[in-house]
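For reference, the chain that follows is the form predicted alone, supplied as structure tokens.
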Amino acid sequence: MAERPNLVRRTAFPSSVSRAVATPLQPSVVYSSPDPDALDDQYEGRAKGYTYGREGHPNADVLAQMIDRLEGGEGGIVTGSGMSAVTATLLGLLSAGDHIVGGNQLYGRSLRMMTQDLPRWGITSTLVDPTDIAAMRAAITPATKLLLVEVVSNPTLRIADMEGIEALARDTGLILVVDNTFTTPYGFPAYTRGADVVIHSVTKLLAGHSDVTLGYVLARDPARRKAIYDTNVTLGLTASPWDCWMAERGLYTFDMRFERAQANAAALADMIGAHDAVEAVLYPGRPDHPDHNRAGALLDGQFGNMVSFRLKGGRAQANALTRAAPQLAFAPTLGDVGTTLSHPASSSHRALTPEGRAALGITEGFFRVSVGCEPIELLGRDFRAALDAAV
């Protein structure tokens, strides 16, 4: 009987004098080194190489370098989700006994982590209005180590006093961490404007198609960068090569998607604001926004693709609105190429008491819209039908 061909031994990847135009997807979990000395060189930084997928892989590095260029830094770390980026940052930089001052309208899971999870590990938080520098300064204690803010709050779209916050961080020596997901580097270059650490949920606008789950962290100080990286690897918050490859594809059209969605948002906000069913519309580009002047100075006219509004009615009207527009995805996400609707009272902020939501202006009739790239005429028709049903 003839010996069977041995297919277990790996076939060498073909060499070529030309190179692939599209980045190859490399799903390998492990990488082979020639000998122990070469492995030492990799782990000790004398040679660049890959060892085990949880510790890094080529597709993550390609994506990180692309986002690095957007932020104006280098050495960014890609993680498995936006919340894993938050987790790796906070657990990597903080210890038991430390204290955080955070914005009071952060992403809902960030708020949960700060108020429910971190206290179990001896890390406490105080949440304050990031538009009020006096309140932020008053919240600082001798144990405070870090400030965590979003430039544009979720979901009420308030604009943080970033100039004041940056000055406060410099004066006190605190680590300034900015979650730049809403604004993106096009709206606010957080790293070049003084943030010590920048976080992104790549899942949202950067990838832009609701088909990947990824995060990103960029730290200015090499020691902090290593602490965040080590925490990410140890906790297994690793990004998959497939998601990184897909997010890279999304980034190639990011600038076009950003501009189209932003232009749509400005027009849609005016249309929504003129409808009889609406009590108030929130868009930083509108003169009636409470932080319009700050937004104009801080964001350089890049007011983004997020619009929020409050119906005159409550849950019944909210249900009527979503049912009248099934073509508008009612989903707790943002940044998709298509427009999505979110109802914070039943999704991102459902863990708050009704009184806590009311204090933020989040009623049962409050919606957040992540405006997409559809023709504005189509969006206008869809929203008019939806709002007509909510009168």
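Residue indices: 1-based, along the sequence shown. Keep in mind it's a predicted model, so treat the numbers as computed, not measured.
Another form exists, predicted together with a small molecule; not displayed. Remarks below refer to it.
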Can you work out whether the small molecule is within 4.5 angstroms of a heavy atom in all three of 104, 129 and 157 in the predicted bound form? no
Does the 4.5 Å heavy atom contact test between residue 181 and the small molecule in the predicted bound form come out positive? yes
Is there a heavy atom of residue 185 lying 4.5 Å or less from a heavy atom of the small molecule in the predicted bound form? no
If we define contact as a non-hydrogen atom of the residue within 4.5 angstroms of the partner, is residue 334 a contact of the small molecule in the predicted bound form? yes
Since only the chain is shown here, I'm wondering whether residue 82 would be in contact with the small molecule in the predicted bound form (any heavy atom pair within 4.5 Å). yes
Looking at 67-75, 239-247, 211-219, 92-100, which stretch has residues with any non-hydrogen atom within 4.5 Å of the small molecule in the predicted bound form? 211-219
The listed residue (201, 264, 232, 308) that reaches within 4.5 Å of the small molecule in the predicted bound form by any heavy atom is 201
